[in-house]
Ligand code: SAH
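Quick heads-up: it's one chain on its own, the form predicted on its own, in structure tokens.
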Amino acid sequence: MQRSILDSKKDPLGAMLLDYWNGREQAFVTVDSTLVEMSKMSGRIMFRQGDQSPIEHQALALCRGKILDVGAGSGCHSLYLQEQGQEVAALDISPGCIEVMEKRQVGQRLHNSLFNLENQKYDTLLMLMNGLGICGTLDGLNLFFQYIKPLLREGGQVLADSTDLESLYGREVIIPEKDGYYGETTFVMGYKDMKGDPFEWLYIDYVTLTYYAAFHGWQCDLIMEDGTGKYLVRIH
């Protein structure tokens, strides 16, 4: 599970987004993974506004009440919700992302980790761009289902997406000699000569997610799939 980044020299994503905001249109971060081949993450993608994916459109349409945008990045989802008159707070562990969102006039910004929040209550936790990845591992997923209980008001919901790597790549994505679940990986982000600290990331298939949710007393509804292994769920 990720913790807040306190050192700006360990924040490649935030540094890239600040450069993009300041006019470096070709800015991107590299993402190294122990499990899957990753593409570059560009500032243009992170700043997208009107060209959301079908999964993002559906998730945004289902948001209600007091909303927490988890892993808000550049704030594109928070800004959309603000424009719709919704009450939304944008949460990110990256100080650079928080600075970018301030420049973009995202109203409520929280520099923190979901797993460190206290004394807060929300109706919707919005977790997009493989948002369940922040759990890191199956053990982290277990902790996630415990952490969100005090964060959600009665009748609250989590809208989150993930990717089933087996569906996306086939059985060959499963590395036989790797201990643990096949969707557990480690990422390292880089930008220019800056490297972030390694962090765990989780890609979870829907059947396994449903099992863990039920174990902790949650219902997990499949909202939609996009045909590439990516899917959206509502947890309540």
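So that there is no doubt, residue numbering starts at 1 and follows the sequence shown. The shown structure was predicted, so the numbers you read here are calculated from the model rather than taken from an experiment.
The same protein also exists as the form predicted in complex with S-adenosyl-L-homocysteine (SAH); that form is not shown, yet it is the one meant from here on.
Would you confirm whether the three residues Gly71, Cys76 and Cys97 all fall within 4.5 Å of S-adenosyl-L-homocysteine (SAH) in the model of the complex, going by non-hydrogen atoms? Every residue of the candidate spot has a heavy atom within 4.5 Å of S-adenosyl-L-homocysteine (SAH) in the model of the complex.
Heavy atom contact within 4.5 Å of S-adenosyl-L-homocysteine (SAH) in the model of the complex, the stretch among 27 to 35, 41 to 49, 190 to 198, 205 to 213: Stretch with heavy atoms near the partner: 41 to 49.
Should Thr163 be counted as a contact of S-adenosyl-L-homocysteine (SAH) in the model of the complex, where contact means heavy atoms within 4.5 Å? No, no contact at 4.5 Å.
Using the partner position in the model of the complex, report whether Tyr80 sits within 4.5 Å of S-adenosyl-L-homocysteine (SAH), counting heavy atoms only. Outside the cut-off, so no.
Please check if Leu125 has a heavy atom lying within 4.5 Å of any heavy atom of S-adenosyl-L-homocysteine (SAH) in the model of the complex. Contact check for Leu125: no, nothing within 4.5 Å of S-adenosyl-L-homocysteine (SAH) in the model of the complex.
Can you check whether Ala15 is within 4.5 Å of S-adenosyl-L-homocysteine (SAH) in the model of the complex, heavy atom basis? Contact check for Ala15: no, nothing within 4.5 Å of S-adenosyl-L-homocysteine (SAH) in the model of the complex.
Work out which of Leu114, Leu141, Leu159, Val88 lies within 4.5 Å of S-adenosyl-L-homocysteine (SAH) in the model of the complex, going by heavy atoms. Contact residue from the list: Leu114.
Partner contacts in the model of the complex for 120 to 142 (non-hydrogen atom within 4.5 angstroms of S-adenosyl-L-homocysteine (SAH)): Leu128, Met129, Ile134, in sequence order.
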